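Shown next as structure tokens: one chain only, the form predicted alone.
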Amino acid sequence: MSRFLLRRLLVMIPTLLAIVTLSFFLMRAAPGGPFDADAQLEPEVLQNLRAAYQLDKPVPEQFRMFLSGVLRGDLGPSIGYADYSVSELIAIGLPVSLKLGLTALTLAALLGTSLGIVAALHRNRGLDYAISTLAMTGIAVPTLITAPVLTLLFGVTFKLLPVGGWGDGDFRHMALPVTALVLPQLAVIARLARGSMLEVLNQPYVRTARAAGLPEWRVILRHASPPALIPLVSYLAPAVAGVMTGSIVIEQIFGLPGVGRYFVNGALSRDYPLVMGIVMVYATAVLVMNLIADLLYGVLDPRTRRRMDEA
């Protein structure tokens, strides 16, 4: 297991470097720049601004200096937020995004898995059809639509919840954005859990456990659930990426001070250092979650654990 973990950690480094490199050069290749809106400034002033942010140097040289700063733990100053460094902005916005995203993902995993298992245990009955219909609706309707609908319904019409702002991260301010993030992920997880549980319930060892006279709840919890969760673990890393990507839209709609909102503003204003810093945060999160998913395989499946030990 330790060799497997070390090998995966070593693979993560060039993967992250490839993502950062591609993102850096694609941003520089896109039309426009951070000071294009300041056309009224004198050419000398614009040249000084470009020099202050090292944008007057060749792109390969900019990339080398960027990597050098990253190795020192310095992501550079933000262009759009002149009084802040990129590290400071991430430190401000990351706790908000993490609280929002992890709350949504935890609820989606718990509720989606439970609904999927219930649907599988009531296969081709009314409860199964109802859960499957709700799941397909959740998959089909994007967050960009559900968030304004929830805002209009619970914030504007019934005035039950605030439609924007973070407050202190209390329940009332988190309710609508978390719900908008939960719905599509819950739907996907419910579908995965249902299909996986149906497949496991037909396995010989489950039929043997039932034939041995074990209570149904024990058969489900001890013998069927662990292998049925493996496909859900495979979905874990993309789900994290999906929640974080979805939070970019949600943070804009609800005016939340998370890194997603900074990412959108930075991309629109060509704030290169800010966008690159957030790309690194997102990429690292996805790679770490992939590693955790691989380790969870070994916990849920003894055969996978043996292969890891032998690797």
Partner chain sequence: MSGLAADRDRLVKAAQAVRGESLWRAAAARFIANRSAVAGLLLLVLIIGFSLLAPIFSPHDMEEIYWERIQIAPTLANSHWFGTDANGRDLFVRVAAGGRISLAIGLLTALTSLLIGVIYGAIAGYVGGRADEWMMRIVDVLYALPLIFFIIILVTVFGRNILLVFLAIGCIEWLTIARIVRGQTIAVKETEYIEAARSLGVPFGRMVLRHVVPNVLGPVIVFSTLLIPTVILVESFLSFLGLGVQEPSTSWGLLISQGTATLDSAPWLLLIPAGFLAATMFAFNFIGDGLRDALDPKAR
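Residue numbers count along the first chain shown, from 1. Small disclaimer: the values here were computed from a predicted structure and weren't measured.
Just so you know, the form predicted in complex with the partner chain exists too; it's not on screen, but the next bit is about it.
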item: Contact segment among 93-101, 208-216, 146-154, 117-125, judged by heavy atoms lying within 4.5 Å of the partner chain in the model of the complex; value: 146-154
item: Residues Leu10, Tyr235 and Ile292 all lining the partner chain in the model of the complex, heavy atom within 4.5 Å; value: no
item: 4.5 angstroms heavy atom contact with the partner chain in the model of the complex for Ile19; value: yes
item: 4.5 Å heavy atom contact, Thr106 to the partner chain in the model of the complex; value: no
item: The partner chain contact in the model of the complex: Leu256, any heavy atom under 4.5 Å; value: no
item: 4.5 Å heavy atom contact, Ile139 and the partner chain in the model of the complex; value: yes
item: Contact assignment for the partner chain in the model of the complex, among Tyr53, Tyr282, Phe66, Phe35, heavy atom within 4.5 Å; value: Tyr282
item: Partner contacts in the model of the complex for 178-195 (non-hydrogen atom within 4.5 angstroms of the partner chain); value: Arg191
